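Given as structure tokens, the chain that follows is alone and in the form predicted on its own.
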Amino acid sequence: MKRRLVGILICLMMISSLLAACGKKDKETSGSGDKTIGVCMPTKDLQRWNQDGENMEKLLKEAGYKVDLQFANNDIPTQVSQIENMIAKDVDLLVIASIEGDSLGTALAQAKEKKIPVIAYDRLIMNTDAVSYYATFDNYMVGQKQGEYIVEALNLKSEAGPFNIELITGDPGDNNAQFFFNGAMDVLNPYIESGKLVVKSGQTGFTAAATANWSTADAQSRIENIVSSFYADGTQLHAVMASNDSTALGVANALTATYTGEWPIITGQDCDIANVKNMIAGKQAMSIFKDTRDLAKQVVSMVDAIMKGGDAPVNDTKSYDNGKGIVPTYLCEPVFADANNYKELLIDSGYYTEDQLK
């Protein structure tokens, strides 16, 4: 009888071990368990951030994670409060697209104290050692492609010129804006210095070309002033290097209201619906397409690696210094869309439907 009881106990222990092993295997397979990921997006006012948030939430949930997704209405105190609330709820990891890169140090110090990893999403968070990783597109390459498009469209390598160009970039508090601008200007500056490209407003520096909060209204106001001051006499404006679609939309609005010459080449970034419609209508030459589905997938793979106790995959460990050190980064590659290829890139890929672009 005693031997039989011992045998039963051994069997029960073996079954218990097997069940525990199976449970552990299932948990490792999903990489998620009951873990919650806090996702902080800047605003719902720009279409791309809505898509980023939706893509991130969908893929993280498919991977088995709980998701706390918040949008901050482009208000820094709101975003700080949202992050602090997530930290207070003990989320397991934070993915943050910051409104302003220097504004989150105090909140993220709390995350570091609680050992909550932080992934900066598409905008580098500055001056804090609490950022574990950065995931973005190659922002310098974005600007390069915009500059190269202008060079090719104006045939600057062969034509004598001069051609008139104006420059408009984004928010000075967004670290990416400097990368976009530098990439474009490294391509365009040789032509400006040689006189083949002329910036009649004289506003060639980043500070002069910057647009607070990437505001369409502010971009429109600035370009209206430039047109009335330098192009009202019929002088041709050949190109506007706009760093993204919200500023490009402001440029198009301004030109529609005040400009009577031949329509210039206008660059952009993000392939927002309104801007793709402008491309189709001939009011915007191109927009950089950053397939945020790819970026979201990459971030989920980074989250998975971290939650399993490993290191996140990165492909750049030199370029992105946030003031406290180099932040390990994964860069996705952007491409450009224009009237010739937008159907293949945006519709055939399922990013948009044809009805959305009518």
Ligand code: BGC
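Residue positions are given as counts along the sequence shown, with the first one as 1. Note that the coordinates shown come from a computational prediction; the quantities given were computed from them, not determined experimentally.
Below, we refer to the form predicted in complex with the named molecule, which is not included among the displayed structures.
Can all three of Leu46, Trp214 and Asn244 be found with a heavy atom no more than 4.5 Å from the named molecule in the predicted complex? Per the other structure, all of Leu46, Trp214 and Asn244 touch the named molecule.
message: Taking 4.5 angstroms as the heavy atom distance cut-off, pick the stretch from 182-190, 122-130, 75-83, 154-162 that is near the named molecule in the predicted complex.
response: Answer to the contact question: 122-130.
Would Asn176 show up as a contact with the named molecule in the predicted complex if we use heavy atoms at 4.5 Å? Contact with the named molecule, yes.
- [ ] Could you confirm whether Asp270 comes within 4.5 Å of the named molecule in the predicted complex, counting heavy atoms only?
- [x] Asp270: contacts the named molecule in the predicted complex.
Legend entry - Heavy atom within 4.5 Å of the named molecule in the predicted complex - qualifying residues of 286-316: Residue within 4.5 Å: Lys290, and no other.
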